[in-house]
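Coming up is one lone chain in structure tokens, specifically the form predicted on its own.
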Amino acid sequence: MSIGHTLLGLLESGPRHGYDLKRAFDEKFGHDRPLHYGQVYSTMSRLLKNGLVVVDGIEAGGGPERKRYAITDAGITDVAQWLATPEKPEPYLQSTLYTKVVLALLTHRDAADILDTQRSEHLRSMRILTDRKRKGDLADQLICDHALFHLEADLRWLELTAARLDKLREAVAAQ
């Protein structure tokens, strides 16, 4: 995820302080991985330097000065271009799980146990996400569906690999 583009997109609704940007980000996108304040302010500093935001005002308070940021026309154009650019699909050709299965076979360990343990972990994660989806709002339901679809694909791969484990063992031994 592009933090900079996400913060710019949030600024399109109007100027905000760094604290407000962090809170909006966490509410909309950061349920599982909230932003750190340092990340917000370093990103805003970079966006300011690149002319994508301006300081719209500074407020003095009991603590440090609070800068209010506003998006520039260049920032709006940048967000529009980012939104229009399709994300490159990630084919997952460097899978840690595949590596573990092959290494288990190379070292004469039980690869089936690795697959079974992983299957149990995937199912546990799916139960948690399904419960969260059931209780969540539409945004939570959509992000949980995204994760669940990926986990379902992983489970299909686990089943396929378990079914082909003898052939994979032979192929690994022949190399």
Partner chain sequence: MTAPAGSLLAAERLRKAYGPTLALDGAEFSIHPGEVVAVMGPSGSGKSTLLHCLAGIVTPDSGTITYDGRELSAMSDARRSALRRSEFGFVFQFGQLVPELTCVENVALPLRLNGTPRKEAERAALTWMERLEVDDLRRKRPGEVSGGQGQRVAVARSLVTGPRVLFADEPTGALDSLNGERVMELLTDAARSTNAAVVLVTHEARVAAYSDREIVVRDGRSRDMERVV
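Residue numbers count along the first chain shown, from 1. Nothing here was measured: the structure is a model prediction, and the numbers come from that model. Think of the rigid core as the biggest set of C-alphas that the two forms share within 1.5 Å after superposition.
Form predicted in complex with its partner chain: not shown, discussed below.
K.L.:
With heavy atoms only and a cut-off of 4.5 Å, decide whether F149 touches its partner chain in the model of the complex.
P.N.:
Flag for F149 set to yes.
K.L.:
Although the partner isn't part of this model, could you tell me whether V55 comes within 4.5 Å of its partner chain in the model of the complex, counting any heavy atom of the residue?
P.N.:
It does not: once its partner chain is placed as it appears in the model of the complex, V55 has no heavy atom within 4.5 Å of it.
K.L.:
Should K133 be classed as touching its partner chain in the model of the complex when contacts are defined as heavy atoms within 4.5 Å?
P.N.:
Flag for K133 set to yes.
K.L.:
Just checking whether A24 would be counted as a contact of its partner chain in the model of the complex - the rule being heavy atoms within 4.5 angstroms.
P.N.:
No, no contact at 4.5 Å.
K.L.:
Sort through R127, H36, H108, R46 and report the residue having a heavy atom within 4.5 Å of its partner chain in the model of the complex.
P.N.:
Of the listed residues, the single hit is R127.
K.L.:
Please state whether all three residues D116, R119 and L123 have a non-hydrogen atom within 4.5 angstroms of its partner chain in the model of the complex.
P.N.:
Every residue of the spot touches its partner chain in the model of the complex.
K.L.:
Could you pull out the residues of 5-27 that have any heavy atom within 4.5 Å of its partner chain in the model of the complex?
P.N.:
If the 4.5 Å heavy-atom criterion is applied to its partner chain in the model of the complex, 5-27 yields nothing.
K.L.:
With the core lined up, does the C-alpha of V40 move 2 Å or more between this form and the one not shown?
P.N.:
Comparing forms between this form and the one not shown, the V40 CA shifts below 2 Å.
K.L.:
With both forms fit on the core, is the shift of the CA atom of M126 between this form and the one not shown 2 Å or larger?
P.N.:
M126 C-alpha, core-superposed: shift of 2 Å or more.
K.L.:
Please check if V53 moves between this form and the one not shown, taking a CA shift of 2 Å or more relative to the superposed core as movement.
P.N.:
No, its C-alpha moves less than 2 Å.
K.L.:
Tell me whether A153 and T85 end up closer or farther apart in the model of the complex, going by their C-alpha atoms; the shift is 3 Å or more.
P.N.:
Pair moves closer in the model of the complex.
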